[in-house]
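Heads up, the chain below is alone and in the form predicted alone; it's given as structure tokens.
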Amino acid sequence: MTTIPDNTPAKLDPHEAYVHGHHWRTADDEASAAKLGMWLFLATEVLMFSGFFCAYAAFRMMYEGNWVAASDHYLDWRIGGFNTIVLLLSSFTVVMAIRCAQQNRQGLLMFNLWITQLCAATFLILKVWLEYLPKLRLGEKPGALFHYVPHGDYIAGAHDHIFLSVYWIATATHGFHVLVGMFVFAWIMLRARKRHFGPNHYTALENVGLYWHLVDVIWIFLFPLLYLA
């Protein structure tokens, strides 16, 4: 019968055995460069969404009365408010996931990632089910596609189609970023199951968290501008 010597080294988890790339001096240098790259990417995202905010500001000043009436009629602040809470919760669970990786609490790490995915899915489902589909059915579409079917006492304004154009483009682009985040988190969860993240290495998890926080911050601006105008 073969016995294993007591001094045989135990198998290390991937995060414990992680070695930085050969072209980096240290693991800290590698992590810093990865964060810098992510911040540069996020800067381009901010520049893209800033165009939507500039369009919003310009049209809001040009058609203020019509803009406010369109916001009150076409959008329900309760839906937007609930989705805001959902995204804020997801940001909290992302932070907790990173903290769990730092503390090597693998079970709680996966739990928080699952909650994050659930929040993202809830956001998209509510957006499509309660907003996009009813708007498509009633003709509340952007630009030249606008063919409003009157319901209730509201009379469509001359510039409602412009408000809806800003709404659709801004929220659909944001929703696409939420969807991309779900796919990226799925990749992170696969790696987390293999114990790739722990006190010695969690750079990818942290960078995805930065992306997700930006997605949430953009929505925090979109919600009051569109729903509470």
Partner chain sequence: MQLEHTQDDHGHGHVHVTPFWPMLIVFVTLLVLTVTTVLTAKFVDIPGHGNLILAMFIACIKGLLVAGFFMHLVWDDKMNTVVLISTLFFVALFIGIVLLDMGARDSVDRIQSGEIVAGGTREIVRNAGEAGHADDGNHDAPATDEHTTEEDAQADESHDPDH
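Positions refer to the first chain, counted from 1. The structure presented is a predicted model; accordingly, all values stated were derived computationally and were not measured.
The form predicted in complex with its partner chain exists for this protein as well; it is not shown, and the discussion that follows is about that form.
In the predicted complex, His159 approaches its partner chain with a heavy atom inside 4.5 Å. Though the partner is left out of this view, Leu88 does reach within 4.5 Å of its partner chain in the predicted complex, counting heavy atoms only. None of the heavy atoms of Leu205 is located within 4.5 Å of its partner chain in the predicted complex. Its partner chain is not shown here, but in the predicted complex it comes within 4.5 Å of a heavy atom of Asn66. This chain is displayed alone, yet in the predicted complex one of Met189, Met182, Ile169, Leu42 has a heavy atom within 4.5 Å of its partner chain; that residue is Leu42. Taking Val128, Met96, Ala121, Ile79 one by one, only a single residue has any non-hydrogen atom within 4.5 Å of its partner chain in the predicted complex, and it is Met96. Residues of 172 to 187 placing a heavy atom within 4.5 Å of its partner chain in the predicted complex: none.
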